[in-house]
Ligand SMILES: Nc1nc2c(c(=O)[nH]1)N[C@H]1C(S)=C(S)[C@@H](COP(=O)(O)O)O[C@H]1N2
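Have a look below at one chain only, the form predicted on its own, in structure tokens format.
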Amino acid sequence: MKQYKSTPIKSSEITPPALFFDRRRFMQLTVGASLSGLLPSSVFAGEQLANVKKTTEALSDKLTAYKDITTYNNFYEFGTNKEDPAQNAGSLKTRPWTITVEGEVNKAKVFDIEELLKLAPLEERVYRLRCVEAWSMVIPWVGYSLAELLKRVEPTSKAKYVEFVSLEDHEQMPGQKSATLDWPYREGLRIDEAMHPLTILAVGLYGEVMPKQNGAPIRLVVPWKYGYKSAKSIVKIRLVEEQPVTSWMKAGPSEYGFYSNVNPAVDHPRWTQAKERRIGEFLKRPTLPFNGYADQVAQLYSGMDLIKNF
């Protein structure tokens, strides 16, 4: 399979890691007390990941600020407002944690999170994240290709789709006490989408372990699809023969399809998808087909009606 890398970001646009983390430590020491009532401590106190391989190529887009990435989120398990996850995710316990991989595989297995962290070399992948609500970010994720996990369980010839199931725990996740969605959260990909090298399991961002409000301890990132396609706090991965029904398909079948590819030519029933607002910027910009990854993934959908298969 041909390997793809992210597109380059100019080194002049990146704050040196040492300076970046020193600034955060300084902020924590000097203004932490005054901010404690406004922002969660997890925004300022992350644990750095070891031995992360920096990509030689990344996006030319400017990175979204760490503060924005960690305080402006969709994570309905912790509430429906953008600030709710950062305020409420402190209750999430990320150790111990396991992911069960089962279904149409020859070697079903339960992976401990520490084993998953060592399953493949961790890389920094700078990807765009485009939300169906017409806002976007550019995030330096840390993780590795989902294919690295799937190949270890040996999918059978019947494995046509991959289903992802997130944690359901109403005490740790107060948003699950409401009927916003049918819990637990479920997502799905076609097997070729799941095995594509751009699809990753992310365990961190900005060189640190994944913040709880962003999907700790491990989440899915599929950069050419709308952000809701990226399941967070995953506890189970099932390889199946039939297309799974995802949470958003069940909640709003006329608004959320299985494929969820970024397609500026297909409007959401309640708003346009032709433009987006990059968080940290004032003006909107045109939305790119497949979120700018068409060269890498368009061939996966050759011959498909991308209006019908939204």
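Every value quoted in this text rests on a predicted model; they were computed, and no experiment measured them. Start at 1 with the first residue shown and count on from there.
The discussion below concerns the form predicted together with the named molecule, not included here.
- Heavy atoms within 4.5 Å of the named molecule in the model of the complex are found in exactly one of 148-156, 112-120, 193-201, 67-75, that being 67-75.
- Proximity to the named molecule in the model of the complex, taken as a non-hydrogen atom within 4.5 angstroms, holds for one residue of 185, 144, 161, 206, which is 185.
- Contact annotation: of the candidates 126, 129, 237, 86, the single residue with a non-hydrogen atom within 4.5 angstroms of the named molecule in the model of the complex is 129.
- Residue contact with the named molecule in the model of the complex: residue 175 places no heavy atom within 4.5 Å of it.
- Among heavy atoms of residue 227, some come within 4.5 Å of the named molecule in the model of the complex.
- A residue is said to contact a partner when one of its heavy atoms sits within 4.5 Å of a partner heavy atom; residue 97 fails this definition for the named molecule in the model of the complex, lying far away.
- In the model of the complex, the named molecule sits within 4.5 Å of a heavy atom of residue 231.
- Although the named molecule is omitted here, in the model of the complex none of 261, 284 and 293 has a heavy atom within 4.5 Å of it.
- Of all the residues from 131-167, those having a non-hydrogen atom no more than 4.5 Å from the named molecule in the model of the complex are 131, 135, 139, 141, 166.
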